[in-house]
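Before any questions on binding or motion, here is one chain by itself as structure tokens, the form predicted on its own.
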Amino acid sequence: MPRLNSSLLTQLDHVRVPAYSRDRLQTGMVHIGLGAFHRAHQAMYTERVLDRGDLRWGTVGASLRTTNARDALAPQDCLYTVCARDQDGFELEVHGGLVDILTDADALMAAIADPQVRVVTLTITEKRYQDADRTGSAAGILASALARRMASRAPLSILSCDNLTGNGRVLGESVLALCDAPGLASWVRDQVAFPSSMVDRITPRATAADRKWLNAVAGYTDASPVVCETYSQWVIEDDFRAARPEWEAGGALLVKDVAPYERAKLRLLNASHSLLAYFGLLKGYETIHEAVNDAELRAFLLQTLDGEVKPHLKAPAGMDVNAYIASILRRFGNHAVPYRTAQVASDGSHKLPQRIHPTLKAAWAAGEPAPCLELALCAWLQTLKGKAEDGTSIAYDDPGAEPVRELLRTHDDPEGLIQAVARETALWPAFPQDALLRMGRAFARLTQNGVSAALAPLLTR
């Protein structure tokens, strides 16, 4: 079976292929973090721009942590297949906008310094925004690249595409803190924009079974396909210093303020994802669609959203919150794109403060308990013990939770553990004592009696 490459494109009459001549592409963008999500999301919007004939926006991708992306994609002429699937069918599309893949930091800085590049985008995961290292971090690389670029005086826009509140502001502050070359910080403030954005498309890791399925339906092999849902959303702050792709052509929304959209997504969709992941792991579910189809967990999720999240959410103007929640349930139930609970659960120590804490704090400030969300934090703690209710192992990556794991090894008392987490770690800042007492009792029920017993009093309120 042939492997995907440029010469194969003319033979793929059953797959959407680039409608433009790839040899005419110009390099106008750099992307840092060449994972599946970028290739399923931002690259898709750029592909629509290229299909319309604006060929200024070829992308140089950078993957510095490993050479895996380069090793898989370079033999395919940087082509890859996006497999969008839902309950109703699938769509296959080959993307051609990626023109090169860099694995060296110096080469990446040189690319960013090139005046022909006018936009840099990033998908580096939430936790890497806390890395302030001068040399190896994304912020450090950007600061060094901007020091080189300043010589040309060419303006630039650096667009964060990670699930982080105010991601552009956070990135801009991190970069400016490292701009210590003479005059650099002043130039960056004037000539470099850091717009925020909100992104949404469920994109699990492609599996061997996914690759085998693609081979069967497409008739070629692809060493690095992307599997995703058909739904996609991108909301971008309209604040750029130089030309940019007309991403609106692909359906992106350019707005003055992204904050209402990111709040709604983080507190409704992302919080729901985390809740289903942790409770799903405890009940032995491998995928999110299994968890959301569990009647007990589904009822608890709706109770949480209706009773605790919605009352404290200022949604974007014109947004139908109930319809949005209904769409969440449908998307999470999409068995055609199985999303592993362990993958969603990863890095909860970094994700939960964005997804759950703001709603908790709003409820507490209004003098209202939030027992469902409080219990969700307890479920996260319980998964860190590494055992599901049926005795099977729970394993996922969350290095930031190591202080909690250490406390779990030294505290047998559930209520005492809750107090210790609040007292001895920075994960639960300024949680009020009455909330900690409730969480202690809830954690004791969860630990001693299991998920159903912990959920029961909340479902009958």
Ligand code: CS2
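A residue's number is simply how far along the shown sequence it sits, counting from 1. This structure is a prediction, so every number in the text was calculated from the model and none was measured.
The discussion below concerns the form predicted in complex with this ligand, not included here.
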Heavy atom to heavy atom, is R149 within 4.5 Å of this ligand in the model of the complex? no
How about Y339: is it within 4.5 Å of this ligand in the model of the complex, going by heavy atoms? yes
Does the 4.5 Å heavy atom contact test between S186 and this ligand in the model of the complex come out positive? no
Does this ligand come within 4.5 Å of any heavy atom of K265 in the model of the complex? yes
Can you pick the one in K310, R201, R85, K361 that has a heavy atom within 4.5 Å of this ligand in the model of the complex? R201
Which residue, T81, T287, S196, N163, has a heavy atom that falls within 4.5 Å of this ligand in the model of the complex? N163
Since the partner isn't included here, can you check whether this ligand sits close to all of T125, K127 and H350 in the model of the complex (heavy atom within 4.5 Å for each)? no
In terms of non-hydrogen atoms within 4.5 angstroms, which of the given stretches 171 to 179, 380 to 388, 265 to 273, 213 to 221 touches this ligand in the model of the complex? 265 to 273
Since the partner is left out here, which residues of 325 to 348 would have a heavy atom within 4.5 Å of this ligand in the model of the complex? Y339, Q343, V344
